[in-house]
Structures are given as C-alpha cells and as structure tokens.
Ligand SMILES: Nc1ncnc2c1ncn2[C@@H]1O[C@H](COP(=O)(O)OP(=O)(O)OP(=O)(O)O)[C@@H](O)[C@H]1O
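The data below hold one chain only, encoded as structure tokens and taken in the form predicted alone.
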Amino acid sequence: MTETLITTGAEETRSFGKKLAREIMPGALICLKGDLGTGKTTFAQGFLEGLGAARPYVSPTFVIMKQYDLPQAKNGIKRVYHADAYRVETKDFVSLGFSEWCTDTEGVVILEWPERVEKLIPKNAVWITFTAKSENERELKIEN
C-alpha cells in the first residue's frame, strides 16, 4: 500500500511522526529516505515525542544509533532505536547489531539513510520517502 502526504512546515512533519507513533506496533522498522534537509530527523523527533521518549532528540549521524528507553510502554513498545546509516557501510551495521534491533519484539527502529544498507532491510519495513517540493513543503510517500 502506498500513501502520499504533503506537509507545509516542520510542525506538520513532526505531527505526522506523532500520529504514526500512536499507530505503530512493536518490532516495526521505519526507513526514512530522502535528501539532506527534507525532514527525516524532524519526523523522527515527532515520532519519539509521540512515544514519550526523553529529550533531547538528536540526529544519530555521528553516533550511528541512539537508543531511547520509554518510561511507559506505548502500544507494547519499550525502546526506540534511532539509527543513521549515512556514515557507515553494511558490514558496520551488521557488527553494530542492526539485526538484533530489528528483531526486538518490544522495540521499534527508525532508520535514516536506509538505502546505504538496503541489503539488510527486512521485507516488512515501512518506507517513508521525503521530497522537498519548496522551502517549506514536503512530500512524504509512505510504502508498506
């Protein structure tokens, strides 16, 4: 199934992240694909906020993966792994434990730059492609 959504600012992109957080189930992998500055991290911040993760919500570009333990499980989700494959290769993600994150039955993985490690992505992943349409307008194409 494919759905397309247009957001007209960062707050709408964050709000969509919050909305998806209310609907997602444990064990999900959400792949965020798009150029720099198209809203991937903004979406992830809304998603983390929607699940009640403790701030700050920082981009994992330099740390590769940031784990957020949820003080109160939402939808059975106790952990969120926010990862970024921009600076790594497939073999690095394997050694970091990507498959373990994806099989955590009480966790959810948000992965930015999934195309860099596409060979590792399970078939049941949710893909969201972010495209800048103007300075503030973003197209989000959701596929699952």
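Predicted model only: the values in this text are computed from it and were never measured. Numbers follow the displayed sequence, beginning with 1.
This next part talks about the form predicted in complex with the named molecule, which is not shown.
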Worksheet entry | Location of the named molecule contact in the predicted bound form, chosen stretch of 111 to 119, 22 to 30, 47 to 55, 93 to 101 [non-hydrogen atom, 4.5 Å] | 111 to 119
Worksheet item: According to a 4.5 angstroms non-hydrogen atom cut-off, is residue 63 in contact with the named molecule in the predicted bound form?
Response: no
Discussion item. Since only the chain is shown here, I'm wondering whether residue 35 would be in contact with the named molecule in the predicted bound form (any heavy atom pair within 4.5 Å).
Written reply: yes
Discussion item. With a cut-off of 4.5 Å between heavy atoms, is residue 2 one of the residues that contacts the named molecule in the predicted bound form?
Written reply: no
Worksheet item: Quick one: is residue 10 in contact with the named molecule in the predicted bound form, heavy atoms, 4.5 Å cut-off?
Response: yes
Discussion item. With the partner left out here, which residues of 107 to 143 have a non-hydrogen atom within 4.5 Å of the named molecule in the predicted bound form?
Written reply: 112, 113, 135, 136, 137, 138
